[in-house]
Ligand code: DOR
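There is one chain below, alone, in structure tokens, taken in the form predicted on its own.
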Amino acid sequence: MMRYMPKTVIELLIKNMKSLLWSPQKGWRLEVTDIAVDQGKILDVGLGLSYVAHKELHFPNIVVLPGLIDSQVHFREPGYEHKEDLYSGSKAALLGGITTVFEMPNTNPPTITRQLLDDKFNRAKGRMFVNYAFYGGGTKDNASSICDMEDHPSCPGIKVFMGSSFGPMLIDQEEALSQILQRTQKPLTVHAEDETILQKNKSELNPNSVIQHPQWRSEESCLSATKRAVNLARQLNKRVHILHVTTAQEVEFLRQNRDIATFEVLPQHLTLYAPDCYHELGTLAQQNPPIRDKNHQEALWRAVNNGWVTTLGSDHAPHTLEEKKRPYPQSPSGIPGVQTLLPIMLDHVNHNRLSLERLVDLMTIGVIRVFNLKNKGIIRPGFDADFTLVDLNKMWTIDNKDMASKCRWTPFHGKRVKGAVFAVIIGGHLCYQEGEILTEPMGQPAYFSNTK
């Protein structure tokens, strides 16, 4: 039905474009519609809106998505700014069609007190191209600081590392994990690898080739840590969110514990597989937990398409090429990905590996459900006017030279993909279009409900 509204002057009108809408009653649906935006908010959605706008957009072959969220990035500031910082990382996010990022605490110093968390927000002001939230970090000694960090309205929760990875944070004792979980009101976000098993594997394998990475960071280490975290959460009546799940065994276990645990997968694990990726990329394919063989990849895809996976993140974790080219295992683990997350997944959509609706669900509604994110991820009146506009038919080649990250490389260099970011709107402002950034950094904090 056509709608006719009074001629009110507004800031932006997206006119007669295919848009991906969501409601609890109807779920996802792709409809041609108008979207009226004013003062950074969605004012109205429907066909035939007759507002007069300062700016009107109409691109008939482009699809409007709700602003997409990457709920796991490492922008390395403070302490490792030679790898990345909030400015360069958020620029890469913008070019990748991401409108909001959740940034991780394993910086130097790690974000393990309210004062250090506040420092990150102060650093972000006027320097980030996209909206942002910052995790607090859990350690063996800071359980008393958990509530202060979680109380910050723009903190999605606490992140813990159960296995050693990059940075100074590690919780490998049950007592410390229990103390943190007891104090959390938000879901505890977990890097699940069992440190005892990792150390045992390393001593027995004495790994000297990156091909051994999946054996050192073994399936058993991931499953053991995931089980420990979930079982402890059940005992304490808490919730956990398991990051970057890589194994078929974890998928099956988490499928059976969906009342207490949610989990994330990464494009790297859905796209690359061992041993081929290690032969082709060497240590550029090295990350924790590792990229595994096709059997595990197929299990992850089943989890995506059966609705068991809750979120999709990049785990953007840049290191310089010089650092990555150190002899294994002195080479650091981590792969950049915030700029390539969406193009890689749009290519999967175009190859019928998942639907566009499912992809967007993992990067919007899934994030809302896990973290109680406010006013983002849905094209609906009253929500923030953040949109990701995509060209589903564009063929192009990913290239290192186009990467905005300070590390200036991607494991997907040279990959031909179908599907591209066309434009990004944040807070009602057209910030990026067809290769050109149109605004200064104007990202704002994202907000969460402090509910259990």
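For every residue, the number given is its place in the sequence shown, counted from 1. These numbers come from a predicted model, not from an experiment.
The protein also exists as the form predicted in complex with the named molecule; that form is not presented, and the subsequent description refers to it.
With the partner omitted here, the residue from 100, 288, 218, 310 that has a non-hydrogen atom within 4.5 angstroms of the named molecule in the model of the complex is 288. Of the candidates 320, 165, 249, 212, 165 is the one whose heavy atoms come within 4.5 Å of the named molecule in the model of the complex; the others do not. Note on the interface: of 331-339, 296-304, 347-355, 177-185, the segment with non-hydrogen atoms within 4.5 angstroms of the named molecule in the model of the complex is 331-339.
Using a 4.5 angstroms threshold between heavy atoms, residue 134 stays clear of the named molecule in the model of the complex. Contact check for residue 111: no non-hydrogen atom falls within 4.5 Å of the named molecule in the model of the complex. The closest heavy atom approach of residue 106 to the named molecule in the model of the complex falls within 4.5 Å.
Within 4.5 Å of some heavy atom of the named molecule in the model of the complex lies at least one heavy atom of residue 161. Contact with the named molecule in the model of the complex holds for none of 77, 120 and 406, as no heavy atom of theirs lies within 4.5 Å.
Although the named molecule is not shown here, in the model of the complex the stretch 174-208 places heavy atoms of just one residue, 191, within 4.5 Å of it.
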